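Below you'll find only one chain, the form predicted alone, shown as structure tokens.
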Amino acid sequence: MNPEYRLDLCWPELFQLGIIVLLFIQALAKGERPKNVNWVPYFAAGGIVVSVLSLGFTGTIFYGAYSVDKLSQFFKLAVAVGFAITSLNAVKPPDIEGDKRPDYMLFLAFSAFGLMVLASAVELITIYVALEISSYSVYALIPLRANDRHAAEGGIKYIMFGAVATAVALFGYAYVLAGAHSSYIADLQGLTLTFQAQPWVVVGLSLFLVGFLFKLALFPFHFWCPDVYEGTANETAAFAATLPKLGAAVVLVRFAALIVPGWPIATFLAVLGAVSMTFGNLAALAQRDVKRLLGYSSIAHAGYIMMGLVSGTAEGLAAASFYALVYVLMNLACFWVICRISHTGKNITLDDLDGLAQREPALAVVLAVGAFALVGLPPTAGFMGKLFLLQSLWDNGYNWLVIVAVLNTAIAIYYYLGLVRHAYTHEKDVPRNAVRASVSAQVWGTVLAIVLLVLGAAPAPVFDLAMQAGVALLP
């Protein structure tokens, strides 16, 4: 086989492509009855197995534009895990008609496929194309909420901001090409990325990264986030709030390996991280809609991920990768509860959580574990994720950012624990005919909570994978 086209290195992508083909065939099939997509989560679980078996694969194909390395395999596994959970969560969305569910699931699968390609892309145009593949599906999903004005508004905002961000990224690509005469990340590795040494490349990279800072919802590229979360169907918001951030994180980790702490671009990202944390946490304090609250919290968490990216060490890159995975799981735990208790698909407010511990004790525990993890309390995975980030940054020139992060964690305690307070201390009469969550929904939610606790108690196996990826990236 031509070494440039070794598709045997791409089993996770090929498996995901197989799911897409099956969903496409099912979507085209004619019939009056609702189409059953219950098989998708099981196939997605198979994707996790394939991704685990592919962790050791390495190689460069497509003339150096596509790198199968430890970092890409780590993030493909994370995407596979996220897709399995989100597909399980979205098997029967109340906002989508039965015969449209294969189409809906097809878009989710296609976006996940684009994120897997993004994990291996190491050439700027390839990265750009992968970003678009992962984005267009989400653009189509955001407005899918029957007769809801906020859904249309959220869809328009997401598309408009996304179009501007990708246009700016493409504009930045032109500057990089003009300055470095190459669009391969490997060729940028030896350059001194300061305004004095490489002004065009620094400006170009800064603009190119706008597209990914937009996906990450980092300040000031966050404007779309709370409105889109609020207007989007709960199941779609669960996907849009988690998996695309993995795609942004893997690209930012690759570029962060090019940056030395103290360079202006690193300091600029550190300042953006501090502002993003502070703005996101302060704005979340005033929210009553739970999805808007999680939207502002995601802006804050984008700032936390920046801590690992600017540290300039393998530990920092590993901490950012680990935290990106943990953030997905923490957020999915909270969205799992939102989707299970919103039987009509409407948005959940803090008042709707009143009495949750009485009527749905298992889901109340899942929500509590998710909220504790997002705060960063032990023994959850969120605590270990933040600890790794703080350790990687301390004594690397950004101690002030560590102090800002700790202060912001203290602010965040108020609104995250507000979720738990409403669920456990506010009582509410439950109608006799109230719809209860199914046993399987409670079981899978409990599994998600257990994973967060296990990752908090024993993070070493996963963090070691991230560490190997971080070490391999640095020269």
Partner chain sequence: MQETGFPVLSVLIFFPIGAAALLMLSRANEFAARMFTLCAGLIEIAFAIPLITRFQLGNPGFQFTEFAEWVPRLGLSYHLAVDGVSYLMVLLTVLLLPLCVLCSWTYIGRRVKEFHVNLLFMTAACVGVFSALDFVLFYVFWEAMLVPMYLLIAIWGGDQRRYASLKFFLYTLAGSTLFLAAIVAFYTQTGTFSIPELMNSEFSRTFQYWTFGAMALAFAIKVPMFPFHTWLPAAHVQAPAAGSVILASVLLKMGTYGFLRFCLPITPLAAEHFAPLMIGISIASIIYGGFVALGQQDMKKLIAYSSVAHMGFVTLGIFMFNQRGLEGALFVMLNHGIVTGALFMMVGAIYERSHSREIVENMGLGKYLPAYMGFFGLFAVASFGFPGLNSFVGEALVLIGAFQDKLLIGLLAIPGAMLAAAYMLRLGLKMAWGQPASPKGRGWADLNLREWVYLAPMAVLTVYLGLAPGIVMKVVSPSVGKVLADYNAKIERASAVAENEATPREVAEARLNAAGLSLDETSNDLNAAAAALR
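Numbering follows the first chain given and starts at 1. These numbers were taken from a predicted model, which means no experiment stands behind them.
The same protein also has a form predicted in complex with the partner chain, omitted here; what follows describes it.
Participant: With heavy atoms only and a cut-off of 4.5 Å, decide whether A457 touches the partner chain in the model of the complex.
Facilitator: Contact check for A457: yes, within 4.5 Å of the partner chain in the model of the complex.
Participant: Flag D395 as yes or no: does it have a non-hydrogen atom within 4.5 angstroms of any non-hydrogen atom of the partner chain in the model of the complex?
Facilitator: D395: contacts the partner chain in the model of the complex.
Participant: Although the partner chain is absent from this view, report whether L390 comes within 4.5 Å of it in the model of the complex, heavy atoms only.
Facilitator: Answer yes; at least one heavy atom of L390 falls within 4.5 Å of the partner chain in the model of the complex.
Participant: Would A169 count as touching the partner chain in the model of the complex under a 4.5 Å heavy atom rule?
Facilitator: Result no; A169 lies far from the partner chain in the model of the complex.
Participant: Identify, from the list T267, Q358, T313, T192, the residue with a heavy atom within 4.5 Å of the partner chain in the model of the complex.
Facilitator: Among T267, Q358, T313, T192, a heavy atom within 4.5 Å of the partner chain in the model of the complex occurs only for Q358.
Participant: Pick from V210, V375, A140, V203: which residue has any heavy atom within 4.5 angstroms of the partner chain in the model of the complex?
Facilitator: Looking at the other structure, the residue within range turns out to be V375.
Participant: Look at the stretches 91-99, 295-303, 367-375, 70-78 and give the one with heavy atoms within 4.5 Å of the partner chain in the model of the complex.
Facilitator: Of the options, only 367-375 has residues within 4.5 Å of the partner.
Participant: Report yes if all three of D187, W224 and F279 come within 4.5 Å of the partner chain in the model of the complex by some heavy atom, otherwise no.
Facilitator: Verified in the model of the complex; spot residues all out of contact, no.
Participant: Taking the partner chain as it sits in the model of the complex, which residues of 164-200 have a non-hydrogen atom within 4.5 Å of it? Please list them.
Facilitator: None of them.
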